[in-house]
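Okay, here we've got a single chain as structure tokens, the form predicted on its own, with questions on binding and movement later.
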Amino acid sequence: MTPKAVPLDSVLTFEPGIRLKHDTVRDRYVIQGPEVLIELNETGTAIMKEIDGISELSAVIDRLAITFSVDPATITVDVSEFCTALVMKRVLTK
């Protein structure tokens, strides 16, 4: 069963106890929480840095599109799927 994608009007925030942290040993960002450690690549880090608990996902996509000089339509599916996966893993909540 394919999970339903997070709607673009969703305001995402970190689940309680979950945080984005720079891991100096690995020199990369990780998602850290109780029994959770997810290493992020550059793209994942950029997305997670934009999750502020205030902005709708569509605004996050717009900011990322400006940052990386791409059309928002080009990255919408990828960002939505990434965030949906993190909601399913209980890292993000809407």
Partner chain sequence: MTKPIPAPQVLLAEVTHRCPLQCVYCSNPTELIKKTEEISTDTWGKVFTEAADLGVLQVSISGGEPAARRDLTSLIKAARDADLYVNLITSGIGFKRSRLEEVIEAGCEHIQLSLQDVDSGGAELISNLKKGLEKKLEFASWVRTHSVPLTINAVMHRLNLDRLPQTIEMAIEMGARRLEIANVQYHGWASFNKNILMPTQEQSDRTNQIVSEAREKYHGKLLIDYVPVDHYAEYPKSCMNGWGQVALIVAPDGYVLPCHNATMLSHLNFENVVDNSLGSIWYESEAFNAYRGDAWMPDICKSCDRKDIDFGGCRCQALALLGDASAADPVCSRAHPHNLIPREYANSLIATDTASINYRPNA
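These numbers were taken from a predicted model, which means no experiment stands behind them. Numbering follows the first chain given and starts at 1.
One more form of this protein exists, namely the form predicted in complex with its partner chain; it is left out here, but the text below deals with it.
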Original post:
Does any heavy atom of residue 37 come within 4.5 Å of a heavy atom of its partner chain in the predicted bound form?
Top reply: yes
Original post:
Any of the heavy atoms of residue 32 lying within 4.5 Å of its partner chain in the predicted bound form?
Top reply: yes
Original post:
So, in the predicted bound form, is residue 78 in contact with its partner chain at a 4.5 angstroms heavy atom limit?
Top reply: no
Original post:
If you check in the predicted bound form, is residue 18 within 4.5 Å of its partner chain, heavy atoms only?
Top reply: yes
